[in-house]
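Only one chain is included here, represented as structure tokens and corresponding to the form predicted on its own.
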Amino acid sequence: MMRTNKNDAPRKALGLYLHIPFCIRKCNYCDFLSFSGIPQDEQKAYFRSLLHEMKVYHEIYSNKYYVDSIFIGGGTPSLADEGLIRELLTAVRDDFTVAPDVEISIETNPKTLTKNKLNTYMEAGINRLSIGAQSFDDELLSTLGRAHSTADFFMNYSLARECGFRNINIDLMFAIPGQTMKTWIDTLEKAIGLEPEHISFYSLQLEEGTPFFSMSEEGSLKMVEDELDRDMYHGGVKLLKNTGYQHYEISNAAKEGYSCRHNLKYWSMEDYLGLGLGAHSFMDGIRFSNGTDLKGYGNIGHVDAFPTRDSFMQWEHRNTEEESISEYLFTGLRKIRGIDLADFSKRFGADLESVYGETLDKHLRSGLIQIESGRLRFTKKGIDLSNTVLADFV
């Protein structure tokens, strides 16, 4: 635990999320808050506003927290000029106390990385690289609407290793229309063969407002059957476990010591501060989020008067205890180890059984959850029906 310079009072650990909403083009499945074709001058204006927002929260939180994880997400942050990323991280260190062993991640996509960018990231202190591969089948990449090829990925991955990155995550997707179990396992085996420290693997979900959603409604897109989706998931988990990866969250596996510190904050209901367009935060039991108007956000940096918190924030809500309990279960059960029942009692002053007695008994009897060594977690069968179980708790 770190201490303030002012009065030697203990500070709490904080995860800092920085949203960069620019991308080459929107993929067919993507509903993230991101924009393609944004010119350089507008990107610079966005970063200027991001620096102003950071100053606002410096005044509020810098004496209460120290930053031990930073996640630069998007969009495709690696599309932005590397000088802007460096300036952003310099500002973080100016405005907050940053832990010596801070984990700093940046999301990237193949075809956007260069040697100069990677070297600049290293110099700026970025020590964890996440690369969005999704698949190593070019036909499937085309189906997804990705801007890169398999060759682009391998070239960028090799370059990242050459530049000294020793903590790399590869993002993969399964249940892609047209994907078979063979092509999925082939992609996963190729990823494992590269020996990345971390692998994320997500089932494709139809999201309203995306091209895939419209195509599905029209009948021109055939989604993978649920049974094959689940076979792909469990087959992938088995392969990862057999090759030395620890399956620590429903959709994430890592070599020992390389679990994503920042994402674990989300799944453990720890404090995190989100800066940038549409970014969400959870601080001291209060959830709040920013607006989603790109032009409006970018204009904040041009205003003569220094902005206030209200210049950015769109929504704020203080959790009731009931909401906090529900969220604790909803997020904590994503971890393969589940939740610590003693920690639940310490946080909420009550045993889980006294809060969810009937619901708990129901799902224990059905074999969807289990209690073992003082922890509540999903069974293998329960992971497949997790939404059903969580709906009962929420």
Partner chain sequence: MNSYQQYIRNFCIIAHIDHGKSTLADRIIENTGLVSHREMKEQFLDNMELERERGITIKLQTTRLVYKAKNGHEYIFNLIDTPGHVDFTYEVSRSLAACEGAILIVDATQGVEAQTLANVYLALDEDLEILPVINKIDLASARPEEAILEIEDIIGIDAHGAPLISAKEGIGIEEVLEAIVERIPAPTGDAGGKLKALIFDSYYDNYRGVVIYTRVFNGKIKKGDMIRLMNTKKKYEVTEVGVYSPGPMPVSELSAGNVGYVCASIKQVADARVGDTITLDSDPTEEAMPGYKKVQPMVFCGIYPAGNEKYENVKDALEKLQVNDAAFLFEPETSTALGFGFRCGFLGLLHMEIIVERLEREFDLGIITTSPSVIYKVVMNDGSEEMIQNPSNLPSLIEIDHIQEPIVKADIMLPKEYVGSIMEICQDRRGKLLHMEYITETRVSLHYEMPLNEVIYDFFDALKSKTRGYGSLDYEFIRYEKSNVVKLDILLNKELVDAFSMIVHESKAYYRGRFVCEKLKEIIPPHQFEVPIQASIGQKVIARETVKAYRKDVLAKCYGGDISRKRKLLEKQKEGKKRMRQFGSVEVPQEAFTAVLKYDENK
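Positions refer to the first chain, counted from 1. What you are looking at is a predicted structure, and each value in this text was computed from that prediction instead of being measured.
One more form of this protein should be noted, the form predicted in complex with its partner chain, which is absent from this view; the next part is about it.
Can you check whether F32 is within 4.5 Å of its partner chain in the predicted bound form, heavy atom basis? Yes, contact at 4.5 Å.
Wondering, does L385 line up within 4.5 Å of its partner chain in the predicted bound form on heavy atoms? The answer is yes: L385 has a heavy atom within 4.5 Å of its partner chain.
Answer yes if any heavy atom of E218 is within 4.5 Å of a heavy atom of its partner chain in the predicted bound form; otherwise answer no. Looking in the predicted bound form, residue contacts with its partner chain do not include E218, since no heavy atom lies within 4.5 Å.
T120, heavy atom within 4.5 angstroms of its partner chain in the predicted bound form: No - in the predicted bound form, heavy atoms of T120 and its partner chain never come within 4.5 Å of each other.
Within 4.5 Å of its partner chain in the predicted bound form - does that hold for a heavy atom of every one of T76, T292 and Y297? Verified in the predicted bound form; spot residues all out of contact, no.
Stretch in contact, per heavy atom within 4.5 angstroms of its partner chain in the predicted bound form, of 90 to 98, 112 to 120, 203 to 211, 240 to 248: In short, 203 to 211.
Looking at H280, R161, K255, R86, which is the one with a non-hydrogen atom within 4.5 Å of its partner chain in the predicted bound form? Looking at H280, R161, K255, R86 one by one, just H280 meets the 4.5 Å heavy-atom criterion.
Only one of E353, D343, E327, E42 comes within 4.5 Å of its partner chain in the predicted bound form by heavy atoms, so just point that one out. The residue in contact is E327.
Could you list the residues in 272 to 290 that come within 4.5 Å of its partner chain in the predicted bound form, counting only heavy atoms and keeping sequence order? Y272, H280, R287 sit within 4.5 Å of the partner.
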